[in-house]
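A single chain, nothing else alongside it, follows as structure tokens in the form predicted on its own.
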């Protein structure tokens, strides 16, 4: 089943940042409940945008989000201390976003993750910077899986992020992402792949159209999770339709249900 990580509770977004600063719980609750109703699997919570306020903002956001939904949460921070605090607040095993191979990040994150009951997003980033191609992505993915397995993680709990880069920057970035996902899903059996879907369209007009088509193409290569906006009705229609075409919808029942509900239209 495709895992939708709802990306909207992120203080880099102006409205969320303002609602967090003003402690506008109603705004946050409403957004979370809309994401759940639209098909989110996890709600990502990121409070890092207000420098110097991340701990208090994360604490407040989590208290509000937990009241608004029973969905599991994706705790999103580069700071293991913030994640430790946040982990202590959740009521069910969360997803942790994220670990990478950058030494300053990898070592403290490994120590944080030991013994934790959670799923983990693993970024294909190391101290050499962004990956240069498919082989580079796969090499880093292999190392991440090995290191996480060594501290007790099962492959089903590992979500590899190949670091989708804008096609506006380099024409091959779309195919690199697709080929990397296919290689990871074929050769590292049991892991998942995820990533910030909208990165592909950065710098282009009509970004939502690009994102929708890219999602379908990535799913054809095995992509089984995305950090995305579940309130984008059209991209959710693509997701539901692609899931049916992949053979994951017996007798097309979920597709037909979505059509009857008006979620998939011509």
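Numbering follows the first chain given and starts at 1. Note that the structure is a prediction, hence the values are computed from the model and not measured.
Just so it is clear, the following notes concern the form predicted together with a small molecule, a form of the same protein that is not shown.
Novice: Decide whether residue 123 counts as a contact residue for the small molecule in the predicted complex under a heavy atom distance cut-off of 4.5 Å.
Specialist: Residue 123 belongs to the contact set for the small molecule.
Novice: In the predicted complex, does residue 193 come within 4.5 Å of the small molecule, counting heavy atoms only?
Specialist: Flag for residue 193 set to no.
Novice: Please tell me whether any heavy atom belonging to residue 10 falls inside 4.5 Å of a heavy atom of the small molecule, as the geometry stands in the predicted complex.
Specialist: Although the small molecule is absent here, residue 10 would touch it in the predicted complex, with heavy atoms inside 4.5 Å.
Novice: Using a 4.5 angstroms cut-off on non-hydrogen atoms, would residue 241 count as touching the small molecule in the predicted complex?
Specialist: Result no; residue 241 lies far from the small molecule in the predicted complex.
Novice: So the small molecule isn't shown here. In the predicted complex, which residue out of 207, 233, 34, 50 has a non-hydrogen atom within 4.5 Å of it?
Specialist: After the contact test, the surviving option is 207.
Novice: Please name which of the stretches 214-222, 197-205, 63-71, 50-58 has residues with heavy atoms lying within 4.5 Å of the small molecule in the predicted complex.
Specialist: Careful reading of the contacts points to 197-205.
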